[in-house]
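In the form predicted on its own, a lone chain appears below as C-alpha cells.
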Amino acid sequence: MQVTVKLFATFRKGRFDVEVREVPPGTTVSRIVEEAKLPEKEIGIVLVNSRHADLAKALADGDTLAIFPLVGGG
C-alpha cells in the first residue's frame, strides 16, 4: 500500500519534505518515525489525513501522514 509522508520544520533537514512510500499493510506511524530516524521525544504533532493521531495508529492505503516537531518560543 502507499502512504504519503510529510515532514515539517526541522524534521526536513537532511531528510525530505514529502515522500510517497510503499509500505506493508499494518504499518504504524511509529514504524515510519523509526525509518525516518525521527527522535520520538521531539515529535509534537502527528496528523493522519488531517486528524490527530498517535504513534500506534495503523496506516491505510492512501493515507497522508504529517509529522511536526515540538515548537518552542517565547
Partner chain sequence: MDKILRVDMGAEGGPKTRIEPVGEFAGLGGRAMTTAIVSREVHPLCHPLGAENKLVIAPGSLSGTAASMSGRISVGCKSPLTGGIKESNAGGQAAQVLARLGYAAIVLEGKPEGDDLYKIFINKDGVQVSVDNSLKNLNNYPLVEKLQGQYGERAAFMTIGIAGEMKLLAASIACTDPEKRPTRHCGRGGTGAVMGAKRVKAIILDDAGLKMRPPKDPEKFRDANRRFVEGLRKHPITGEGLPAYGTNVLTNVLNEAGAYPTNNFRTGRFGGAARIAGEVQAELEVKRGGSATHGCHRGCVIQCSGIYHDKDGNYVTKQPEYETVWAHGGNCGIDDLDVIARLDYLDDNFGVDTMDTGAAVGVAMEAGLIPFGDGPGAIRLVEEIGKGTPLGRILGCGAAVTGKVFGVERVPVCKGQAMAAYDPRSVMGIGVTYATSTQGADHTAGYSVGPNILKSGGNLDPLNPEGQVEMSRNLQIATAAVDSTGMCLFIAFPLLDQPDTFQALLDMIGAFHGVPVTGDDVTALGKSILKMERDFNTRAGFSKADDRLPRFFLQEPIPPHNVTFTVKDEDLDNVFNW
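Note that the coordinates shown come from a computational prediction; the quantities given were computed from them, not determined experimentally. Positions refer to the first chain, counted from 1.
Unshown form predicted together with the partner chain; subsequent notes refer to it.
When contacts are defined as a non-hydrogen atom within 4.5 Å, none of 15, 21 and 55 contacts the partner chain in the predicted bound form. In the predicted bound form, the partner chain sits within 4.5 Å of a heavy atom belonging to residue 47.
The closest non-hydrogen atom of residue 60 lies beyond 4.5 Å of the partner chain in the predicted bound form. Contacts with the partner chain in the predicted bound form, taken as any heavy atom within 4.5 Å, map within 5-41 to 6, 8, 9, 10, 12, 13.
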